[in-house]
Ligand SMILES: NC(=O)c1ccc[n+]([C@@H]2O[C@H](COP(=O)([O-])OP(=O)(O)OC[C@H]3O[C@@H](n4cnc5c(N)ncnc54)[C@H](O)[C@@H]3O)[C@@H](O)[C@H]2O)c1
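A single chain, nothing else alongside it, follows as structure tokens in the form predicted on its own.
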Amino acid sequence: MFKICSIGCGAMAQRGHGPAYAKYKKDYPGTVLAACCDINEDRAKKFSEDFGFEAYYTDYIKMLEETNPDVVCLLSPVDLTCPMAVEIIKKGFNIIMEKPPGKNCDEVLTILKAAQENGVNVRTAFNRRYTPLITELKKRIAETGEKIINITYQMYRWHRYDKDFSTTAIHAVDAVKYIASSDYKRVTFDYDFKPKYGENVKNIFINGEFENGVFTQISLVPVGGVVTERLTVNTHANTFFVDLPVWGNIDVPGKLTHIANGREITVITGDMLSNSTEMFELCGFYDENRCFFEHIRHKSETTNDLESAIQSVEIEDYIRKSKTLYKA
């Protein structure tokens, strides 16, 4: 019996993670969705009913003590992630957290230290890393045998007048880092502030160089006219265009186009890779949870991917504070 508990039953839990848990239970016999928790009792009750949890709570400590799960899924606002994660880890529970795993590097390092001291499995849920189209992109780049020259990434939104867009922007920052398979060496930031829409509302334009020599340009435009995320990867003789599926965007189910030496080689859509049109699968939520659950279930060597998240969080914090130059 493999028991899963989830904390936080808000919009992202409802859209992305809840359906992933339900599918995992269906696909892997012996899985028990033991309990879910939210400070809003009605929301917790609905989440349990919608996705098949056996119980619901408003007190997550009581939930953990009474159910003793194999893994805890923490889907909390970023302001609460660090203290809650540390408390859960110190009780000896494996944990997967929604991104970002803290507001700054100090918080990530605090969680990392607790995980190391308590010997538990910890993962940050950067779902772009598990999006089937990006998994396929990474595979096809490797098959060319060529070095990446540059990566461009465009993240556009409309009417996103967030005071702090950095917690969404981190998706692009981390996805490019993941595709480049390297740490950032140097990053410059330019900002187009939109004060008439609110405090710290801004479009963000990033130029970066990675330690392995790959260059990137990232455009983050929350004050635009469309919801979309598109990226391009160039090697010497190959170009890959990827249109990612995102809720409410025009590119669902997403598409990867491979062009080599001026000729179209292949076009693959997201539903071809996942055999599904469900957004929680197209966007990587199922695979990010499934991979972590299976790692724990088979008692593999303890995994902790927080170190890979530190620099992404550091750059996210630069965006939050409107800094203009980052050097590793």
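It should be emphasised that the depicted structure is a prediction, and the values quoted were computed from it without experimental measurement. Each residue number is its position in the shown sequence, starting from 1.
The discussion below concerns the form predicted in complex with the ligand, not included here.
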Since only the chain is shown here, I'm wondering whether R230 would be in contact with the ligand in the predicted bound form (any heavy atom pair within 4.5 Å). no
Even though the partner isn't displayed, in the predicted bound form is E281 close enough to the ligand, meaning a heavy atom within 4.5 Å? no
Give a yes/no on whether G198 approaches the ligand to within 4.5 Å in the predicted bound form, heavy atoms considered. no
I7: touches the ligand in the predicted bound form, heavy atom cutoff 4.5 angstroms: yes
Though the ligand is not shown, can you say which of N121, N104, S76, N234 has a heavy atom within 4.5 Å of it in the predicted bound form? S76
Tell me the stretch among 45 to 53, 32 to 40, 295 to 303, 266 to 274 that has any heavy atom within 4.5 angstroms of the ligand in the predicted bound form. 32 to 40
What residues of 95 to 112, in sequence order, lie within 4.5 Å of the ligand in the predicted bound form by heavy atom? E98, K99, P100
